[in-house]
Structures are given as structure tokens and as C-alpha cells.
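Only one chain is shown below, in C-alpha cells, and it's the form predicted on its own.
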Amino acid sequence: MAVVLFLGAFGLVMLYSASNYTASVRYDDAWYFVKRQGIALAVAIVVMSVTSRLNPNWIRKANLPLLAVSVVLMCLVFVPSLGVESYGAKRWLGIGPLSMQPSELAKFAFVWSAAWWIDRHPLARWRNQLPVVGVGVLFCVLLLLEPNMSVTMIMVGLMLCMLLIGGAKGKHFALYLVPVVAAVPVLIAMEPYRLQRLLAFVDPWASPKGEGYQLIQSYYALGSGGFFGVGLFNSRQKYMFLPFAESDFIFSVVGEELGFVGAALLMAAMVYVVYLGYRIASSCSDRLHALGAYGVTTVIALQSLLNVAVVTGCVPPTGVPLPFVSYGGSSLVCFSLAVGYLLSVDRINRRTLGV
């Protein structure tokens, strides 16, 4: 909990630095993003604290209702009066001044429902794997319709991870990789912008004012930071040069202001959270909660890895927030809910072991 609270507080500081100019220009309030994120952080702390004190067995009964709610919410984003469209994508639900991104909840709902199913039905039999794959494919289809390629990638990786740790045989696992690999060129061909992003990833300077613009600006930020950075609040790229500096590309601002040292320390904190999560999972004697803890931690690991990989140009550009740090109330609250679950599992582990 201490590490997560540190990341949340650190995120608020970096959010103010990355967003104050943009917020002043667009909303006439330099604290616009910080205020909204501060409220989300307060809610997240309450959610994490309450969940950590509950018996983790609540997922035995709540996993299917939570899964159904996630599917319904993801379908509602396509309803014109409820769905909020931004940059050509329908990923949010708007209710008055509030908005939420259902896909953030869907990742963890999938984990808990898959863990519940795997606990009851060993995956050594191929037919027992079909419900896990079916739900995963359903979520992927809904995500592609939004479209949301980044979370689709996370969902595919998460589905394969749950099958692997759930005991699926190697030949079955290899069989699932074939359609996944085959689907990549098909999905790229379906949407021209994906091909453009791929080409921009290969050579961003071929379109410096087009698809390659964001990655080039991220390179400028990271390169300017050097080893120790230009100093906190002294970023130049945040002056509306770097798009989404407060959310998907906040790691670029961290690298610019705090340098390689600051970026490495932030990554170390994220790695430590993942390490603690896997340690909790590995020490759990209840198979359901072991699977649930492994899955929840894998979500944190995959999303953190994907965000840093995009910002540093290791994979084609796609939008995904850095857990606990980037702007986004839905992400912060849902990840805090998951951490609360991990803490509750750890509490039961310690009680069982007599620690």
C-alpha cells in the first residue's frame, strides 16, 4: 500500500507539471487535471482500504455479476446518448460531469472470472479452456469496435497468461498463438491508421508532422532529460508540443524533468509492486486467490510495460496510461481496487501461516 500511495502522490506532482500549461489554455485553470485526479485518488484510497479489509472470498460470488456488468458497460459506450467519443474512439461513458472507461474494470473482471472458472475446472482438458477463451475473445471484439487496440493487446496477453498459469497444455497454448499471430496483419489492414502508425514507428521522421510527431516529441523529451533531467517543473515539451503529456506520455515528462535516474527509480517502484504481487500469489495456499493474484499482478505488469515501451519507441504508438501515475480516474480507482484485493489475499496468507 505504501508503494502505491507513493506512486499516486508522485503522479499528482508530475501531473501538475505536465498539465498546468495545457489546462490553463484549454480550461483557464492550471489545476484542472490535478483537482479531478485528486478526487479520484481520494476515492481510490478509500476503495483500496475497504477492499483490503474484506475477505477475498467475495470474488467467488461477485465475479460473474462483475463480468456481466463489465460487458454491459462496454456495450453502452456505443449508445449515442451515453457514449463519449474522443479522437474517433468511443471508449468512455459520460454521466453529467463524470466519465468512466469500462475497459479498465473489464481487465480485472476477466481475471477474477477466469480464476474462478480455472479453480473449478482444470485446464488440462481442452474443452475446459473454451469459456476462458470465449470471454477473452468477446472482450477483444468489443475493444476493437471502440476501437481500443492497446487494451486489446493487454487482454490478449492476459488471456494467454491465465491459460498458461491455469495449467493449459503446451500444445493447446501453442495452438492459440497461431490465430493471435495471424490476426495482427489482418487488424492492421482493416484500419489504415494502424498501418500509418506502424510506418511511423519504423521511421517517425518520415512523417514528422503526421503520425510520427508524437513519438519524435517523446524522443525530444527523453533525450533532453539526460542523466539527471532539466529539473522538476522545467519541462519544455509540456508546452503543448507533446500530445497527451498528462496521460499516456507522462513518462516522457518524467524522463525530461528527472532524467534517466528519475525514470529508472519510477520503473523500479513499478517493478517492486509487481514483485510484491507475484510474491503474494506464490505464497497463497488457496488456488482461486493464487490465480486471482497472479492475474491482477499481470495486468499491472503488462500495462506498465506497454506504456514505457510505447513512450521509448520500442513498440508502435498506442494509448495506454501508466498505472497509478497517469491522469485517469477510472484507471486509478480500478487498479487500486485490484491492489486492495492483493492486500486482502496477503492478510489471509499471513493469518494462515501464523505470521
Partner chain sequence: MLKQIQFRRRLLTTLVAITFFFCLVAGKLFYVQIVDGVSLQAKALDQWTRDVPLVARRGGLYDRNGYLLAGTQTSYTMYVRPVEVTDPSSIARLTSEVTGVDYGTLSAKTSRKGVSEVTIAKKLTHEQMATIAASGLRGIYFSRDISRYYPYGDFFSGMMGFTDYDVKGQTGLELYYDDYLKGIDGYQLNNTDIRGKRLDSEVSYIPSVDGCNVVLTIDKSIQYFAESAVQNALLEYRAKQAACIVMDAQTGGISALAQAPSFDLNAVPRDHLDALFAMCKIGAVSDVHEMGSTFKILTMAIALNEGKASLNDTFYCPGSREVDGQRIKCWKTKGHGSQTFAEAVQNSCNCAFMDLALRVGVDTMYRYFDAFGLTSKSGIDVAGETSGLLLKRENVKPVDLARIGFGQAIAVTPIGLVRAVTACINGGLLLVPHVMERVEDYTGKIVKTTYTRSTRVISESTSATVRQLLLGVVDGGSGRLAGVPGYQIGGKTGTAQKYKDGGIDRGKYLSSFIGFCTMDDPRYVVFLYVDEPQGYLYYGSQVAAPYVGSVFANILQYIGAKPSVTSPKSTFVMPDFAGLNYAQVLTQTKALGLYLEASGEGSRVDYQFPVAGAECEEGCVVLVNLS
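Residue numbers count along the first chain shown, from 1. A quick note: this is a predicted structure, and the numbers were derived from the prediction, not measured.
Form predicted together with its partner chain: not shown, discussed below.
Taking non-hydrogen atoms only, residue 10 never approaches its partner chain to within 4.5 angstroms in the predicted complex.
Looking at residue 224, you'd find a heavy atom of it within 4.5 angstroms of its partner chain in the predicted complex. Its partner chain in the predicted complex is approached by residue 313, whose closest heavy atom lies within 4.5 angstroms of it. With a 4.5 Å cutoff on heavy atoms, residue 206 does not count as touching its partner chain in the predicted complex; it lies far away. From the list 250-258, 181-189, 102-110, 71-79, the contact stretch for its partner chain in the predicted complex under a 4.5 Å heavy atom rule is 250-258.
Note on the partner interface in the predicted complex: the residue among 43, 309, 30, 50 having a heavy atom within 4.5 angstroms of its partner chain is 309. Checking 274, 195, 84, 138 against its partner chain in the predicted complex, a heavy atom within 4.5 Å turns up for just one residue: 274. The putative spot formed by 161, 220 and 281 is fully lined by its partner chain in the predicted complex; each residue has a non-hydrogen atom within 4.5 angstroms of it. Annotation for 231-268: interface residues with its partner chain in the predicted complex are 236, 237, 239, 240, 241, 251, 255, 256, 259, 260, 263, 264, 267 [heavy atom within 4.5 Å].
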